Ligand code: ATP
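Shown next as C-alpha coordinates: one chain only, the form predicted alone.
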Amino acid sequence: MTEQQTQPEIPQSVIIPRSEHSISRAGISDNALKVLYRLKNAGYQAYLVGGGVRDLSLGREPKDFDVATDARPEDVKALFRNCRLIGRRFRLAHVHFGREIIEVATFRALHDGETSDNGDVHIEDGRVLRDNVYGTVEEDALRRDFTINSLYYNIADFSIVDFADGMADLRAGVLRLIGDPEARLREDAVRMLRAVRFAAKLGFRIHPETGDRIPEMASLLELIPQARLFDEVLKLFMSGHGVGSFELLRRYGLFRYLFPETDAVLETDGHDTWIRFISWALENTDNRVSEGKPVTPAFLFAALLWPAVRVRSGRYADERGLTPVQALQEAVSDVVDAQLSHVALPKRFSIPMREIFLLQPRLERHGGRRARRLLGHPRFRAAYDFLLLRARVEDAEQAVADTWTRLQESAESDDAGGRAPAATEGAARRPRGRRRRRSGGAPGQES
(Lines give C-alpha, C1' and ligand atoms only; values in the text may rest on other atoms or scores of the structure.)
Protein backbone atom coordinates (compact mmCIF):
# COMPACT_ATOMS: atom_id res chain seq x y z
CA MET A 1 0.00 0.00 0.00
CA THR A 2 1.57 3.28 -1.05
CA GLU A 3 1.36 6.51 0.88
CA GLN A 4 -0.58 8.01 -2.03
CA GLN A 5 -3.31 5.42 -1.56
CA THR A 6 -3.58 6.02 2.18
CA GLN A 7 -3.56 9.82 2.22
CA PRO A 8 -6.79 11.32 3.51
CA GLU A 9 -8.99 13.28 1.17
CA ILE A 10 -9.22 16.96 1.92
CA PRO A 11 -12.51 17.43 3.83
CA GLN A 12 -14.81 20.40 3.99
CA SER A 13 -13.52 22.61 6.77
CA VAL A 14 -15.72 23.68 9.65
CA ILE A 15 -15.57 27.33 10.67
CA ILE A 16 -16.15 27.94 14.38
CA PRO A 17 -16.91 31.65 14.84
CA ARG A 18 -15.54 33.69 17.74
CA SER A 19 -18.87 33.50 19.57
CA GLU A 20 -18.70 29.69 19.69
CA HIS A 21 -15.19 29.08 21.04
CA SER A 22 -13.27 30.16 24.13
CA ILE A 23 -10.00 31.47 22.64
CA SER A 24 -9.31 35.13 23.32
CA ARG A 25 -6.40 37.26 22.13
CA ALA A 26 -5.80 38.01 25.82
CA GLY A 27 -4.50 34.45 26.17
CA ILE A 28 -2.07 34.74 23.25
CA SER A 29 1.38 36.19 23.83
CA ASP A 30 1.95 39.72 22.58
CA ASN A 31 4.84 38.55 20.42
CA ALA A 32 2.75 35.87 18.72
CA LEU A 33 0.10 38.51 17.99
CA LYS A 34 2.78 40.78 16.50
CA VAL A 35 3.81 38.00 14.10
CA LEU A 36 0.23 37.14 13.18
CA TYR A 37 -0.76 40.75 12.51
CA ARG A 38 2.36 41.64 10.53
CA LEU A 39 1.86 38.62 8.27
CA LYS A 40 -1.83 39.50 7.84
CA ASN A 41 -1.11 43.17 7.10
CA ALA A 42 1.48 42.11 4.51
CA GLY A 43 -1.23 40.21 2.64
CA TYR A 44 -0.46 36.68 3.87
CA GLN A 45 -2.70 34.17 5.60
CA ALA A 46 -1.77 33.81 9.26
CA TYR A 47 -3.01 31.22 11.74
CA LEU A 48 -2.13 30.21 15.27
CA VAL A 49 -1.86 26.40 15.12
CA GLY A 50 -1.11 23.22 17.02
CA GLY A 51 -0.61 23.01 20.74
CA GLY A 52 -1.37 26.70 21.34
CA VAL A 53 -4.90 26.39 19.95
CA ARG A 54 -5.39 23.01 21.64
CA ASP A 55 -4.29 24.20 25.08
CA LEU A 56 -6.18 27.50 24.93
CA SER A 57 -9.33 25.58 23.97
CA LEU A 58 -8.85 23.37 27.04
CA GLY A 59 -8.32 26.35 29.34
CA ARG A 60 -4.61 25.60 29.71
CA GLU A 61 -1.69 27.99 29.40
CA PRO A 62 0.30 27.13 26.24
CA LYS A 63 3.99 26.44 26.55
CA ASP A 64 4.66 28.18 23.25
CA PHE A 65 2.89 29.60 20.20
CA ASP A 66 3.35 28.39 16.63
CA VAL A 67 2.19 30.14 13.48
CA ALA A 68 1.31 28.73 10.05
CA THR A 69 1.20 30.88 6.93
CA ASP A 70 1.32 30.84 3.13
CA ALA A 71 4.39 33.11 3.29
CA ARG A 72 7.59 31.32 2.31
CA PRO A 73 10.41 31.22 4.86
CA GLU A 74 12.33 33.83 2.88
CA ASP A 75 9.25 36.09 2.91
CA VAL A 76 8.99 35.78 6.69
CA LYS A 77 12.66 36.63 7.06
CA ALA A 78 12.13 39.74 4.92
CA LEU A 79 9.34 40.90 7.25
CA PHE A 80 11.24 40.34 10.52
CA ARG A 81 14.81 41.47 11.11
CA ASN A 82 14.85 39.26 14.20
CA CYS A 83 14.14 36.11 12.13
CA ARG A 84 16.41 33.11 11.55
CA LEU A 85 15.75 30.26 9.13
CA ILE A 86 16.49 26.78 10.46
CA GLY A 87 16.05 23.13 9.59
CA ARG A 88 16.66 20.82 6.66
CA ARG A 89 13.84 18.34 6.99
CA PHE A 90 11.29 21.14 7.45
CA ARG A 91 12.44 24.66 6.65
CA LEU A 92 11.18 26.91 9.46
CA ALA A 93 11.39 30.56 10.43
CA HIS A 94 12.14 31.42 14.04
CA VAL A 95 11.23 34.97 15.04
CA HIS A 96 13.14 35.92 18.19
CA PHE A 97 11.79 38.22 20.90
CA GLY A 98 14.36 37.95 23.67
CA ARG A 99 13.87 34.50 25.21
CA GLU A 100 10.59 33.88 23.40
CA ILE A 101 10.72 32.33 19.95
CA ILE A 102 7.68 32.29 17.67
CA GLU A 103 7.99 29.45 15.17
CA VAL A 104 6.54 30.21 11.74
CA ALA A 105 5.98 27.35 9.29
CA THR A 106 4.88 27.61 5.68
CA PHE A 107 1.87 25.46 4.73
CA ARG A 108 3.12 22.05 3.59
CA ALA A 109 1.59 20.06 0.77
CA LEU A 110 0.36 16.50 0.64
CA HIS A 111 2.66 14.38 -1.53
CA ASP A 112 2.67 10.99 -3.14
CA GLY A 113 5.87 9.71 -1.62
CA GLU A 114 7.95 10.35 -4.73
CA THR A 115 11.17 12.32 -4.62
CA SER A 116 10.63 15.59 -6.44
CA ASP A 117 12.91 16.82 -9.21
CA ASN A 118 14.31 19.60 -7.04
CA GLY A 119 14.92 17.27 -4.08
CA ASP A 120 12.46 18.98 -1.75
CA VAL A 121 10.79 15.71 -0.78
CA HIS A 122 12.85 12.72 0.22
CA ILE A 123 11.26 9.58 1.66
CA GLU A 124 13.04 6.41 2.73
CA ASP A 125 11.22 3.31 3.99
CA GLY A 126 8.07 5.37 4.43
CA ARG A 127 9.85 7.96 6.60
CA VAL A 128 9.91 11.61 5.57
CA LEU A 129 13.53 12.73 5.72
CA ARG A 130 13.11 16.07 3.95
CA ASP A 131 9.92 17.88 2.99
CA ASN A 132 9.84 21.47 1.81
CA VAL A 133 7.03 21.30 -0.74
CA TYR A 134 4.58 24.04 0.08
CA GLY A 135 0.80 23.81 -0.24
CA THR A 136 -2.49 25.14 1.04
CA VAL A 137 -3.81 25.48 4.57
CA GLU A 138 -6.14 22.51 3.92
CA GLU A 139 -3.21 20.31 2.91
CA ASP A 140 -1.12 21.56 5.81
CA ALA A 141 -3.85 20.60 8.28
CA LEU A 142 -3.90 17.01 7.05
CA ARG A 143 -0.11 16.76 7.29
CA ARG A 144 -0.31 17.29 11.05
CA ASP A 145 -0.20 14.30 13.35
CA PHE A 146 -3.31 14.32 15.57
CA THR A 147 -6.77 15.72 14.97
CA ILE A 148 -6.58 17.87 18.11
CA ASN A 149 -3.45 19.53 16.68
CA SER A 150 -5.14 20.43 13.38
CA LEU A 151 -7.15 23.38 14.70
CA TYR A 152 -6.27 26.77 13.18
CA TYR A 153 -7.03 30.11 14.84
CA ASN A 154 -7.49 32.71 12.08
CA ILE A 155 -6.26 36.17 13.08
CA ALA A 156 -8.30 37.69 10.24
CA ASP A 157 -11.68 37.05 11.87
CA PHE A 158 -10.77 35.30 15.20
CA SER A 159 -12.48 32.08 14.12
CA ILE A 160 -11.18 28.52 14.52
CA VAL A 161 -10.92 26.46 11.36
CA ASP A 162 -11.34 22.71 11.99
CA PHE A 163 -10.21 20.41 9.18
CA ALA A 164 -10.26 16.96 10.84
CA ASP A 165 -13.00 16.95 13.50
CA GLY A 166 -10.37 17.98 15.99
CA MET A 167 -12.77 19.97 18.13
CA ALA A 168 -15.04 16.94 18.58
CA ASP A 169 -12.06 14.80 19.66
CA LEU A 170 -10.88 17.60 21.95
CA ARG A 171 -14.23 17.71 23.70
CA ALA A 172 -14.38 13.90 23.92
CA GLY A 173 -10.83 13.61 25.28
CA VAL A 174 -9.69 11.40 22.40
CA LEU A 175 -6.26 11.29 20.74
CA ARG A 176 -6.51 10.17 17.12
CA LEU A 177 -4.04 10.21 14.23
CA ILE A 178 -5.13 11.94 11.04
CA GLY A 179 -5.38 9.53 8.12
CA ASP A 180 -4.21 5.91 8.05
CA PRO A 181 -2.44 5.20 11.37
CA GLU A 182 0.06 2.75 9.91
CA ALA A 183 1.16 5.16 7.19
CA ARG A 184 1.43 8.07 9.64
CA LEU A 185 3.47 6.07 12.17
CA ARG A 186 5.76 4.73 9.46
CA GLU A 187 6.24 8.28 8.24
CA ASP A 188 7.55 9.26 11.69
CA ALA A 189 7.75 6.64 14.45
CA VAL A 190 8.24 9.33 17.10
CA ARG A 191 4.51 9.96 16.76
CA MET A 192 4.02 6.89 18.97
CA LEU A 193 5.91 8.65 21.76
CA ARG A 194 4.01 11.86 21.12
CA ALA A 195 0.73 9.96 21.43
CA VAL A 196 1.80 8.70 24.85
CA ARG A 197 3.02 12.12 25.95
CA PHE A 198 -0.15 13.94 24.92
CA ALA A 199 -2.36 11.25 26.45
CA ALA A 200 -0.49 11.50 29.76
CA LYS A 201 -0.35 15.29 29.71
CA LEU A 202 -3.97 15.89 28.77
CA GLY A 203 -5.54 12.86 30.43
CA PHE A 204 -6.88 11.73 27.05
CA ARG A 205 -7.40 8.19 25.82
CA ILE A 206 -5.71 7.01 22.64
CA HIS A 207 -8.32 6.00 20.07
CA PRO A 208 -8.21 2.24 19.33
CA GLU A 209 -7.56 2.87 15.63
CA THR A 210 -4.34 4.57 16.67
CA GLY A 211 -3.52 2.64 19.85
CA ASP A 212 -3.91 -0.81 18.31
CA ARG A 213 -1.19 -0.04 15.76
CA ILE A 214 1.40 1.16 18.26
CA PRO A 215 2.54 -2.22 19.72
CA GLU A 216 2.71 -3.66 16.21
CA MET A 217 4.99 -0.85 15.01
CA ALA A 218 6.96 -0.07 18.17
CA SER A 219 10.13 -1.58 16.72
CA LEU A 220 10.31 1.34 14.27
CA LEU A 221 11.79 3.34 17.14
CA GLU A 222 15.04 1.47 16.50
CA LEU A 223 15.37 3.53 13.30
CA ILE A 224 15.18 6.86 15.13
CA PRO A 225 18.50 8.60 15.95
CA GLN A 226 19.53 8.18 19.59
CA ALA A 227 19.89 11.95 20.07
CA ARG A 228 16.30 12.55 18.97
CA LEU A 229 15.06 9.85 21.35
CA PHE A 230 16.95 11.55 24.19
CA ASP A 231 14.98 14.73 23.52
CA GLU A 232 11.74 12.78 23.47
CA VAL A 233 12.56 10.99 26.74
CA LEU A 234 13.09 14.35 28.43
CA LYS A 235 9.69 15.53 27.18
CA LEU A 236 8.05 12.33 28.39
CA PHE A 237 9.56 12.28 31.87
CA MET A 238 10.49 15.87 32.75
CA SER A 239 7.35 17.80 31.84
CA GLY A 240 5.31 17.03 34.95
CA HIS A 241 3.51 13.87 33.79
CA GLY A 242 6.27 11.27 34.00
CA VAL A 243 4.31 8.67 35.97
CA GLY A 244 1.52 8.59 33.41
CA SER A 245 4.00 8.48 30.54
CA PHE A 246 5.82 5.53 32.11
CA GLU A 247 2.61 3.56 32.52
CA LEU A 248 1.50 4.21 28.93
CA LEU A 249 4.94 3.42 27.50
CA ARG A 250 4.79 0.01 29.14
CA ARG A 251 1.15 -0.57 28.16
CA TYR A 252 1.90 0.02 24.48
CA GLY A 253 5.21 -1.87 24.39
CA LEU A 254 7.35 1.21 23.79
CA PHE A 255 9.46 1.29 26.96
CA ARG A 256 11.51 -1.73 25.88
CA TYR A 257 12.82 0.18 22.86
CA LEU A 258 13.95 3.08 25.01
CA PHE A 259 15.35 1.21 28.05
CA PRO A 260 15.65 -2.45 27.00
CA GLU A 261 17.79 -3.69 29.92
CA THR A 262 15.52 -2.10 32.49
CA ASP A 263 12.44 -3.42 30.70
CA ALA A 264 13.89 -6.94 30.82
CA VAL A 265 14.18 -6.61 34.62
CA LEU A 266 10.62 -5.32 34.89
CA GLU A 267 9.39 -8.44 33.10
CA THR A 268 11.00 -10.85 35.61
CA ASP A 269 9.87 -12.11 39.01
CA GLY A 270 10.04 -9.47 41.70
CA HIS A 271 9.53 -6.71 39.16
CA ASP A 272 6.99 -4.91 41.37
CA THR A 273 9.82 -3.55 43.51
CA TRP A 274 11.49 -1.89 40.54
CA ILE A 275 8.24 -0.61 39.07
CA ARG A 276 7.56 1.12 42.39
CA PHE A 277 11.13 2.41 42.46
CA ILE A 278 10.85 4.04 39.02
CA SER A 279 7.31 5.27 39.66
CA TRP A 280 8.33 6.97 42.91
CA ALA A 281 11.32 8.58 41.21
CA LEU A 282 9.06 9.92 38.48
CA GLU A 283 6.48 11.05 41.02
CA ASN A 284 9.19 13.02 42.78
CA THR A 285 10.21 14.56 39.45
CA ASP A 286 6.58 15.44 38.65
CA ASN A 287 6.20 17.12 42.04
CA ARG A 288 9.36 19.17 41.56
CA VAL A 289 8.21 20.31 38.12
CA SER A 290 4.81 21.36 39.50
CA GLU A 291 6.56 23.32 42.27
CA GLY A 292 8.90 25.05 39.81
CA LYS A 293 11.98 23.33 41.22
CA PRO A 294 14.88 22.21 39.00
CA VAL A 295 15.16 18.62 37.81
CA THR A 296 18.16 16.94 36.24
CA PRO A 297 18.34 14.22 33.58
CA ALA A 298 21.26 12.68 35.51
CA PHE A 299 19.01 11.68 38.43
CA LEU A 300 16.18 10.66 36.11
CA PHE A 301 18.35 8.34 34.04
CA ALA A 302 19.97 6.99 37.21
CA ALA A 303 16.52 5.91 38.43
CA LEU A 304 15.55 4.44 35.06
CA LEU A 305 18.76 2.39 34.77
CA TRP A 306 19.32 1.38 38.41
CA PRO A 307 17.20 -1.81 38.24
CA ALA A 308 19.39 -3.07 35.37
CA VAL A 309 22.59 -1.98 37.16
CA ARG A 310 21.51 -3.64 40.40
CA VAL A 311 20.61 -6.98 38.80
CA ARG A 312 23.73 -7.06 36.66
CA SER A 313 26.06 -6.18 39.54
CA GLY A 314 24.59 -9.00 41.62
CA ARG A 315 25.18 -11.43 38.77
CA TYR A 316 28.75 -10.23 38.27
CA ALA A 317 29.52 -10.65 41.96
CA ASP A 318 28.22 -14.23 41.90
CA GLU A 319 29.64 -15.35 38.57
CA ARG A 320 33.00 -13.56 38.59
CA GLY A 321 33.79 -13.53 42.30
CA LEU A 322 34.05 -9.73 42.36
CA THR A 323 33.65 -7.55 45.42
CA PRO A 324 30.37 -5.61 45.55
CA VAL A 325 32.17 -2.40 44.58
CA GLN A 326 33.99 -4.01 41.66
CA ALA A 327 30.78 -5.66 40.46
CA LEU A 328 28.95 -2.33 40.65
CA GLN A 329 31.67 -0.55 38.67
CA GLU A 330 31.58 -3.11 35.88
CA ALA A 331 27.78 -3.23 35.83
CA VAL A 332 27.53 0.54 35.57
CA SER A 333 29.97 0.61 32.67
CA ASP A 334 28.22 -2.19 30.76
CA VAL A 335 24.66 -0.96 31.33
CA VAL A 336 25.49 2.60 30.34
CA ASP A 337 27.35 1.49 27.22
CA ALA A 338 24.42 -0.69 26.18
CA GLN A 339 21.94 2.10 26.88
CA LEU A 340 23.77 4.58 24.66
CA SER A 341 23.04 2.43 21.62
CA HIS A 342 19.32 3.14 22.15
CA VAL A 343 18.97 6.59 23.73
CA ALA A 344 21.78 9.11 23.78
CA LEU A 345 22.90 10.59 27.08
CA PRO A 346 25.36 13.52 26.88
CA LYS A 347 28.43 13.32 29.09
CA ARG A 348 27.29 16.31 31.11
CA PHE A 349 24.55 14.00 32.40
CA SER A 350 26.13 10.54 32.15
CA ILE A 351 29.14 11.48 34.31
CA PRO A 352 27.04 12.77 37.25
CA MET A 353 24.78 9.73 36.86
CA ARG A 354 27.77 7.39 37.21
CA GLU A 355 28.85 9.31 40.32
CA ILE A 356 25.40 8.87 41.86
CA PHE A 357 25.70 5.12 41.27
CA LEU A 358 29.26 4.77 42.57
CA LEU A 359 28.61 6.85 45.68
CA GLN A 360 26.04 4.34 46.92
CA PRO A 361 28.59 1.90 48.46
CA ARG A 362 30.37 4.83 50.12
CA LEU A 363 27.10 6.01 51.62
CA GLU A 364 26.47 2.54 52.99
CA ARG A 365 29.75 2.83 54.94
CA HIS A 366 28.59 5.73 57.07
CA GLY A 367 30.94 5.69 60.07
CA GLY A 368 33.79 7.96 61.07
CA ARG A 369 35.34 11.16 59.79
CA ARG A 370 35.35 10.05 56.14
CA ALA A 371 31.59 9.83 56.21
CA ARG A 372 31.30 13.40 57.44
CA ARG A 373 33.70 14.59 54.78
CA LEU A 374 31.49 12.97 52.15
CA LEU A 375 28.87 15.63 52.94
CA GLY A 376 30.99 18.06 50.93
CA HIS A 377 31.03 15.93 47.78
CA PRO A 378 29.41 17.83 44.85
CA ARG A 379 27.13 14.85 44.12
CA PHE A 380 26.33 14.04 47.74
CA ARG A 381 22.84 15.50 47.76
CA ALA A 382 21.75 13.66 44.59
CA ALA A 383 23.32 10.42 45.87
CA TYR A 384 21.61 10.86 49.25
CA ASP A 385 18.22 11.42 47.59
CA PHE A 386 18.88 8.30 45.54
CA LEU A 387 19.67 6.36 48.72
CA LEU A 388 16.36 7.49 50.22
CA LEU A 389 14.58 6.21 47.14
CA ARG A 390 16.36 2.87 47.41
CA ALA A 391 15.47 2.58 51.10
CA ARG A 392 11.84 3.17 50.24
CA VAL A 393 11.76 -0.11 48.28
CA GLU A 394 14.07 -1.87 50.76
CA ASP A 395 17.01 -1.90 48.33
CA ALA A 396 19.03 -0.11 51.03
CA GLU A 397 18.73 -0.08 54.81
CA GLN A 398 16.47 2.62 56.18
CA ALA A 399 18.77 2.93 59.19
CA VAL A 400 21.62 3.96 56.88
CA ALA A 401 19.46 6.61 55.23
CA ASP A 402 18.39 7.89 58.66
CA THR A 403 22.02 8.15 59.75
CA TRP A 404 22.83 10.37 56.77
CA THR A 405 19.80 12.50 57.53
CA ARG A 406 21.04 13.04 61.09
CA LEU A 407 24.59 13.76 59.89
CA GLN A 408 23.30 16.50 57.62
CA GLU A 409 21.18 18.00 60.37
CA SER A 410 24.18 17.95 62.68
CA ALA A 411 26.41 19.60 60.08
CA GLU A 412 23.82 22.30 59.43
CA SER A 413 23.55 22.92 63.17
CA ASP A 414 27.33 23.22 63.46
CA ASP A 415 27.45 25.70 60.57
CA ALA A 416 24.69 27.77 62.14
CA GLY A 417 26.61 27.83 65.43
CA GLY A 418 29.78 29.13 63.79
CA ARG A 419 31.79 25.93 64.08
CA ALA A 420 34.08 24.77 61.30
CA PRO A 421 32.37 22.49 58.75
CA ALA A 422 32.57 18.81 59.61
CA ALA A 423 34.54 18.06 56.46
CA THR A 424 37.42 20.32 57.59
CA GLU A 425 37.44 19.94 61.37
CA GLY A 426 40.20 17.33 61.29
CA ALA A 427 42.36 19.40 58.99
CA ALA A 428 42.01 22.45 61.23
CA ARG A 429 43.66 20.62 64.17
CA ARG A 430 46.53 19.18 62.12
CA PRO A 431 49.94 20.52 63.39
CA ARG A 432 51.81 22.65 60.92
CA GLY A 433 55.09 21.35 59.57
CA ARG A 434 58.38 22.87 60.78
CA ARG A 435 60.40 25.24 58.63
CA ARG A 436 63.73 23.85 57.52
CA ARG A 437 66.62 25.68 59.17
CA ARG A 438 68.90 27.61 56.94
CA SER A 439 72.66 27.67 57.37
CA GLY A 440 75.52 29.95 56.59
CA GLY A 441 75.07 31.06 52.97
CA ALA A 442 73.06 33.78 51.41
CA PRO A 443 69.38 34.22 52.35
CA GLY A 444 67.09 31.90 50.53
CA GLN A 445 69.64 29.13 50.03
CA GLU A 446 69.00 25.83 51.72
CA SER A 447 71.74 23.85 53.44
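A residue's number is simply how far along the shown sequence it sits, counting from 1. Computed from a predicted model, the values in this text were never measured in an experiment.
Omitted from view is the form predicted together with the named molecule, to which the following refers.
Asks: Among 403-411, 387-395, 38-46, 63-71, which stretch has residues with heavy atoms no more than 4.5 Å from the named molecule in the model of the complex?
Replies: Looking at the other structure, the answer is 63-71.
Asks: Contact between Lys201 and the named molecule in the model of the complex at 4.5 Å, heavy atoms?
Replies: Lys201 belongs to the contact set for the named molecule.
Asks: Is there a non-hydrogen atom of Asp188 within 4.5 angstroms of a non-hydrogen atom of the named molecule in the model of the complex?
Replies: Yes, contact at 4.5 Å.
Asks: Would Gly51 count as a contact of the named molecule in the model of the complex, using a 4.5 angstroms cut-off between non-hydrogen atoms?
Replies: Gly51: contacts the named molecule in the model of the complex.
Asks: Answer with yes or no whether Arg171 is in contact with the named molecule in the model of the complex, where contact means some heavy atom within 4.5 Å.
Replies: Taking the distances in the model of the complex, the answer for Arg171 is no, it never comes within 4.5 Å of the named molecule.
Asks: Going by heavy atom distances of 4.5 angstroms or less, which of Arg310, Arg176, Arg144, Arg213 would be at the interface with the named molecule in the model of the complex?
Replies: Comparing distances to the named molecule in the model of the complex, the residue within 4.5 Å is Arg144.
Asks: Find the only residue in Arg228, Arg84, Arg348, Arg276 having a heavy atom within 4.5 Å of the named molecule in the model of the complex.
Replies: For this set of options, the contacting one is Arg228.
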